[in-house]
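Just one chain is shown here, as structure tokens, and it is the form predicted alone.
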């Protein structure tokens, strides 16, 4: 009868123990979180190498509808906290809706110096195509619409507007030259990929309702230790530092502008 090498046996047991506790979660995240969430997930993975984090980015409103239809998301980060609150009220969450940031909107252009522009600049006849996210389902689009309405500019620029499916899609319109200027998320405008192409002008936050953002652990992830662990990590100092780097105002902190 062959004897089993004790060292090989011990390594096998360690491998089995490690993989037995490995989990995978899928995160549905608002498109404004693209760069910040990628960094946060990468840092989280360093301490949890056996676990798998998949982040999918898109429109908060569309994710809300998909979760109601049974989409397999474990965490839902929305650019409008009203969506996760409604899901929690409907019994589709395993946590309350937790605020994680307040977003800001900016004017950004890849072909013009947006840092010297204001919303009034959008009435310039030389500007013929302006990108905003679709206000019907994208919170950033809704706030862009509110800013244009509050400054009495909506009627003057509405014919120039083209609508992105989400705020990242809106930024792509400007990056690719399909729009001369766009109203996009500050969290995207401060990414090196965009700052290398153009500056931005921060739209005063009293021009629109707050972009209060929040997340939930979905009902399907009620028993997921990894989902709870990642949710807890969002409140850690390293995660908060990443969020601040991308221009998000954190709960309890003043914007300073």
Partner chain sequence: MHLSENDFQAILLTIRLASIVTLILLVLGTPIAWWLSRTRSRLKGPVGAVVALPLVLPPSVLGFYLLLVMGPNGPLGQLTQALGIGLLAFTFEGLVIASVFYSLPFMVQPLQNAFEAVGERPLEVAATLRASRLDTFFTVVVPLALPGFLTSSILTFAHTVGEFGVVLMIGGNIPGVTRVASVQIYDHVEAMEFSQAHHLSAMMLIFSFLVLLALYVWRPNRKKGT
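Everything numeric here is computed off the predicted structure, so don't read it as measured data. Numbering follows the first chain given and starts at 1.
What follows is about the form predicted together with the partner chain, which we do not show.
Is it the case that residue 93, even though its partner is missing from this view, gets within 4.5 Å of the partner chain in the model of the complex, heavy atoms only?
No - in the model of the complex, heavy atoms of residue 93 and the partner chain never come within 4.5 Å of each other.
Does the 4.5 Å heavy atom contact test between residue 136 and the partner chain in the model of the complex come out positive?
Yes, residue 136 sits close enough to the partner chain in the model of the complex that at least one of its heavy atoms falls within 4.5 Å.
Does the partner chain get within 4.5 angstroms of any non-hydrogen atom of residue 225 in the model of the complex?
Residue 225: no, not in contact with the partner chain in the model of the complex.
Taking any heavy atom pair closer than or equal to 4.5 Å as contact, tell me whether residue 161 reaches the partner chain in the model of the complex.
Close contact exists here: in the model of the complex, residue 161 approaches the partner chain to within 4.5 Å, heavy atoms only.
So the partner chain isn't shown here. In the model of the complex, which residue out of 48, 64, 191, 26 has a non-hydrogen atom within 4.5 Å of it?
Partner contact (heavy atom, 4.5 Å) among the options: 64.
Which residue, 152, 176, 116, 126, has a heavy atom that falls within 4.5 Å of the partner chain in the model of the complex?
Checked against the cut-off, the match is 176.
Using a 4.5 Å heavy atom cut-off, indicate which stretch of 118 to 126, 67 to 75, 97 to 105, 143 to 151 touches the partner chain in the model of the complex.
Among the candidates, contact is made by 67 to 75.
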